[in-house]
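Given as structure tokens, the chain that follows is alone and in the form predicted on its own.
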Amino acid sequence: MRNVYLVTAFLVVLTLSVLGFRGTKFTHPPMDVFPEWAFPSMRHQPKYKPQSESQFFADGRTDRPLPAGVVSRDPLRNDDALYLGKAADGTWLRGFPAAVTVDGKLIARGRERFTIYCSPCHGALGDGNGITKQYGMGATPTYHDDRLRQMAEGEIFNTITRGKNNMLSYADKLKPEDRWAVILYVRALQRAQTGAVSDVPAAHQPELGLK
């Protein structure tokens, strides 16, 4: 009887050693005892990964363009100011759409999104000295020249949406509300470069060591 227990314990240890514990992180996947063709597992699925190659499509890409006439599942975008950055007369919108609430919360959101998607190239201060410059990236525009200071917010929105020159579109990464948040934070960065003591409310000037 003792031998039976020993053999059983040995088989248990052997099984666990070969198959591993499900849910435990290993450097290699657990061994499958049964063949995949007989007992299909959801862990093994024929699928494409984003931006990978395909031998099925003629252009060799897995990412496919949208079919003609496709209908978006999102709500109908009938607000040109919010979704296109256009004013009622078709010109670039100056200021922010009525649907966007300009407040501290929006600036905080813009700072977060800017840090993730914009600062690698444009720098934390928006001066064009991002980390990519250290790795050979060409000249990145600074937000602090007069051309961009005077540019309409709607035109900046369009650049984020469609991209320009070496900058690709960020429409797939930033929803419209987040694009406006980033623009608001960019305006805050620009304003910070030209701030003066007189801009600080008198009640807060003592906090800066001013009398």
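These figures come from a predicted structure and were not determined experimentally. Note that residue numbering begins at 1 and tracks the sequence as displayed.
We do not show the form predicted together with heme C (HEC), though everything after this point is about it.
Of the residues Met137, Leu125, Ala87, Ala108, just one reaches heme C (HEC) in the model of the complex with a heavy atom at 4.5 Å or closer; this is Met137. Using a 4.5 Å cutoff between non-hydrogen atoms, Gln150 does not count as a contact of heme C (HEC) in the model of the complex. When heme C (HEC) is considered in the model of the complex, Gly95 lies well away from it, no heavy atom lying within 4.5 Å.
Interface residue remark: Asn165 is counted as part of the site for heme C (HEC) in the model of the complex, having a heavy atom within 4.5 Å.
Looking at Tyr117, you'd find a heavy atom of it within 4.5 angstroms of heme C (HEC) in the model of the complex. In the model of the complex, the residues of 154-188 lying within 4.5 Å of heme C (HEC) by at least one heavy atom are, in order, Ile156, Thr159, Ile160, Lys164, Asn165, Asn166, Met167, Tyr170, Leu174, Val182, Val186.
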